[in-house]
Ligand SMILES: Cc1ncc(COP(=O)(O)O)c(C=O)c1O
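One chain is shown next in structure tokens, namely the form predicted on its own.
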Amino acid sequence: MEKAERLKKLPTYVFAKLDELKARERRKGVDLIDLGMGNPNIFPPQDVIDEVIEALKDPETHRYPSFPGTHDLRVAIANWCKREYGFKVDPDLETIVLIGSKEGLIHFAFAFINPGDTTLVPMPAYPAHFNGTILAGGTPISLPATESNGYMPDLDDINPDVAKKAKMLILSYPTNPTTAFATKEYFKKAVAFAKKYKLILLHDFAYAELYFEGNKPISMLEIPEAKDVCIEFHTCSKTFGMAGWRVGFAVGNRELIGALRQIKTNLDYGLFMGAQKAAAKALAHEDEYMEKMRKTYKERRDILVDGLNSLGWKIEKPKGTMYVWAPVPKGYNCAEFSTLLLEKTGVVVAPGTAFGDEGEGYVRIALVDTKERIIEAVERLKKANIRFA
């Protein structure tokens, strides 16, 4: 049975190979410290859990969900955007609830990308940013995002002919995997660039609330006139430890929201009602829960970065996200180094090429285990004499 061309064009799924290696080591009885997948282990707020428990007792919860999201949740989304980032959205026309932001990102590509279309994507990137284009029949054009440019590709360097042919510019700051933050000036330039070349501007804001030392990132929709061209994707996964609940949402330009709503109408029935009620409760939270969450990740970040630096790395502490983007030692590519760590120490990290070819030379380490386990991970590297040289 021959697969569709869209599947054949997808890049190799690096995590599949990593899963095979992990399974092999587990069969040997190895105690793995899995820092490979960005899978949060922070517990959701208790009142959010209580909300979904109560919802389960209501017969209406078990019927088809409200699509494109309950009115209460869409109002909670609009209130959260105004409270946290200072911009207004119409809860009825400029918000949509998603079954996780990844689902929305992929389906948004299907709403706008035709075979032969191109999108502009800073790389390395979260795979959905380029795989959505490929699945829709288009071609992602890589904008190399490197340490030398602060992981913010210079939009002025893009060939005007390439920009004119493109359909969409896809950005995400703070960035997975590089942890880079964008400046307000860069976002202003992105909005102007999108308007000049009549591009859709997609901003994935998954790590909106995961920042340290008061370095709160900005929303693209804070920029004047951004809503003319922009749709912004959000998730409850990282902010509220709700990754398995699959609660995401998008806000922004009503025509873009409307197109995503149209395609989702033909693909799904919306998000489970219990999760929608719980998400509305979560978005009403003020700073106490988030501050505790940020403190936990910061503590883990400090332990890991200080530990790696004691072994010869020279990594600056990320301003946010739940990752550390670490260069691999000389003599290894990222896949070889990831395999070495797994086999010699039982520590699992993600090779940089999981995020595109431009990720070669790095590994991404997720802060998704306790501080005690991260301390142990560093100790295992020391005992195995794995250093950066």
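Numbers for residues come from their place in the sequence shown, where the first is 1. Since we're looking at a predicted model, the values are computed, not measured.
Not pictured, yet referred to below: the form predicted in complex with the ligand.
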**Asked** Given that the partner is absent here, does Thr95 sit within 4.5 Å of the ligand in the model of the complex, heavy atoms only?
**Response** no
**Asked** Taking heavy atoms and a 4.5 Å cut-off, does Ile170 contact the ligand in the model of the complex?
**Response** no
**Asked** How about Lys102: is it within 4.5 Å of the ligand in the model of the complex, going by heavy atoms?
**Response** yes
**Asked** Looking at the partner-bound form in the model of the complex, is Lys317 within 4.5 Å of the ligand by any heavy atom?
**Response** no
**Asked** Of the listed stretches (288 to 296, 275 to 283, 206 to 214, 85 to 93), which one has a non-hydrogen atom within 4.5 Å of the ligand in the model of the complex?
**Response** 206 to 214
**Request:** Answer with one of Lys238, Lys264, Arg301, Lys227: the residue that has a non-hydrogen atom within 4.5 Å of the ligand in the model of the complex.
**Result:** Lys238
**Item:** Sole residue of Tyr197, Phe110, Trp80, Tyr126 within 4.5 Å of the ligand in the model of the complex, by heavy atom
**Value:** Tyr126
**Prompt:** With the partner absent here, would Asn176, Arg246 and Tyr323 each sit within 4.5 Å of the ligand in the model of the complex, counting heavy atoms only?
**Reply:** yes
